[in-house]
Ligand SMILES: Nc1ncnc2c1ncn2[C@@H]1O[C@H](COP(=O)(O)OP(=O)(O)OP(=O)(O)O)[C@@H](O)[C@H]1O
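There is one chain below, alone, in structure tokens, taken in the form predicted on its own.
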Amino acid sequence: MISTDNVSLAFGGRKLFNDVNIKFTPGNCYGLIGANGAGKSTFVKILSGELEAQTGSVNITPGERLSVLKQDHFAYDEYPVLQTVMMGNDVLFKIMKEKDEIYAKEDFSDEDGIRASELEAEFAEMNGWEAESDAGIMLAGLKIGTEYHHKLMKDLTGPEKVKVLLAQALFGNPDILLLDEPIFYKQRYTLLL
């Protein structure tokens, strides 16, 4: 599912890790433990592709989709809640945006029509017509009601933002899910899918 080959990273003269070889297999949950500053979050960033290792490589089974619970609670402040969740499936979200841009054109050409048709086929294949409904169901399972769906993320409390970002990470049923210090504000949640 996901593995590393001789991954190394150092900052300045300090080695965070050297020649890490590990294989995470399907169907299992793994946890990284260590002291503060040991490089756990940095290693997760390398696994997710957000940060590049100085040596070695990260390998993900072809066709598998990786998702990460984002720690930056302010990254989506200018986006509506429902849209933030749907951004969790990057490919589907890009198709949605491109479709909207094409349909918004005043001078819609034959080429635009052909491209829109291709996008519509991809969108349907990815169950795009159910995307808003699926995102709403995830939010409901996390106790984020429909009255929040069109609010901007900046108008939510910290705990509400964490729930939305969790829904974003889970959206589209990723094959690999990375959670870096998920904080749920000492509450227990049941996700109804």
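What you see is a predicted model, and the numbers here were worked out from it, not measured in a lab. Don't overthink the numbering: it's just position in the shown sequence, from 1.
Omitted here: the form predicted in complex with the ligand. The next part is about that form.
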Please tell me whether the candidate spot formed by Phe11, Ala38 and Ser41 is one where all three residues come within 4.5 Å of the ligand in the predicted bound form (heavy atoms).
yes
Is Ile176 one of the residues lying within 4.5 Å of the ligand in the predicted bound form, judged by heavy atom distances?
no
With the partner left out here, check for me: in the predicted bound form, does some heavy atom of Leu16 sit within 4.5 Å of the ligand?
yes
So which of 41 to 49, 144 to 152, 163 to 171, 54 to 62 is the stretch with heavy atoms within 4.5 Å of the ligand in the predicted bound form?
41 to 49
